[in-house]
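There is one chain below, alone, in structure tokens, taken in the form predicted alone.
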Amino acid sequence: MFRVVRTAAISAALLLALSGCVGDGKVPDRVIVVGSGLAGHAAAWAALDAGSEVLWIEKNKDLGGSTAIATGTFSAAGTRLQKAKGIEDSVELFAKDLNRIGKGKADQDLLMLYATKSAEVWEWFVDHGLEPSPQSPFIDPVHSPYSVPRTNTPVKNSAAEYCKVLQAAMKPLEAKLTVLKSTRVTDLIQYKGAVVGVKTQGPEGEKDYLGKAVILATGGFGSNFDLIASRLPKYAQLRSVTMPHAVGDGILMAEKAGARLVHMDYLVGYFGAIAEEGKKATGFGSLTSGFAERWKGDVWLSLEGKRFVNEDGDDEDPRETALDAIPEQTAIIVFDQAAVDRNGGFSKLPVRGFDQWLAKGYGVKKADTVEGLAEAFGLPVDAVRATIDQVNADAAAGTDPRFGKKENYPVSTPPFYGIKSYGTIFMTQGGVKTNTRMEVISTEGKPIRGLYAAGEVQGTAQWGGLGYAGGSGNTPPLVFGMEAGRNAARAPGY
């Protein structure tokens, strides 16, 4: 008659209470939102705005989730800003770009919902006090470029700005809102196949909360290295800039409740980052991706000692695709003293703390010869020597016949420097399957009554495919969070 998903224990008192409540129609007519990143904020506001009571649960001591470290890019087609600047755009063109960048691997219904609703959601934020940056909209140079400028940011380029606007919008509705912080949801409560609540561990110990719907807005699993190693062993060497709480707990709870997981074999390693010896977590200051934009004359080698991509190309996607194909998604960035002088000295290096990294001797190394640098990183010396000889010959000829680099410089002036750069996780692509109502889909292909999901817990591949499109870390969680909140609020009670 009643069960808590597989491993969760249930007290006789709750069993009796739940049976009585369901029979009498007294399960609280409220929506439970789990997580407080962008999707959680959007879901909580939308459920309140639709007239529902909301219980909002966050496992950290502060609301905001990963918005604490995320920039504020938001991409939308057909906005007032685009029209004011004479930029012609359409939902169809937006969708075409998303499919190009994502290699056509997204769920097309979710992709179209994202593309269609993005402008409406952006305008909602502007109308509720968000101030766009003067350069909005623009083509984001950090990601594979859109065909037209459609990426916006707030004046303060932080994802937390969206949370501030949503919190202000919730203020008049706070009588219907209960917030629990430092409270971890440990399991989902099910009754006759429907999700009717959550089990928690918080300051008051273990407690159970019932509601007519649960929205999982718990984020991805970029910091769960054991999960990555067990389910995606190819990517065990990837490092991550995601926050420590991004462990995929919502994904695992949904899976235990019978949810279908999708794209769990996808993991896009962004190029790239240095990391401390023996550590998988790293920070934005150690990112090496800036070499492509701001540094000329560097050569990227695989662990086999060979070049594998145009180091200076304007599009990030070919680098990420190429990175996925080399051993351990790990590269060695090689350059010489002439490159340091040409690019403005060590102070202009695209990574922070180069001297400190060099002093540690891990991640950054220096040698008087190319052969010595290869040995220092454990690369095959003959292969590295042959690669650098070819680079120098191409520089003399002024061409790069294999990869098409436009500016070719020799790597011949000692000393020589190398940076070990690991593919790096920004977001995770696998997650909980949903439909366009944000209802979680079971392994049998049907919605699980009372269970919704929004944001990175869905896996970014559902809306973006296999790639990183500008703004795709912020826009879909806000769009889908609002959809989840509205739909959950309208769900029938028990």
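Source: prediction; values computed, not measured. For every residue, the number given is its place in the sequence shown, counted from 1.
There is also a form predicted in complex with a small molecule; it is not shown, and the following applies to it.
| query | Tell me, which of 441, 55, 70, 48 has a heavy atom within 4.5 angstroms of the small molecule in the model of the complex? | reply | Contact residue from the list: 70.
| Residue among 117, 245, 365, 260 with a heavy atom within 4.5 Å of the small molecule in the model of the complex | The residue from 117, 245, 365, 260 that makes the contact is 245.
| query | Would residue 346 show up as a contact with the small molecule in the model of the complex if we use heavy atoms at 4.5 Å? | reply | Contact with the small molecule, no.
| query | How about residue 34: is it within 4.5 Å of the small molecule in the model of the complex, going by heavy atoms? | reply | The answer is yes: residue 34 has a heavy atom within 4.5 Å of the small molecule.
| said: So in the model of the complex, is the small molecule close enough to residue 387 to count as touching (4.5 Å, heavy atoms)? | reply: The answer is no: residue 387 has no heavy atom within 4.5 Å of the small molecule.
| query | Does residue 197 reach the small molecule in the model of the complex if we count a contact as any heavy atom within 4.5 Å? | reply | Residue 197: no, not in contact with the small molecule in the model of the complex.
| message | Quick check for you: of 294 to 302, 103 to 111, 347 to 355, 218 to 226, which stretch puts a non-hydrogen atom within 4.5 Å of the small molecule in the model of the complex? | response | Result for this chain: 218 to 226.
| in the model of the complex, do 432, 436 and 462 all put a heavy atom within 4.5 Å of the small molecule? | No.
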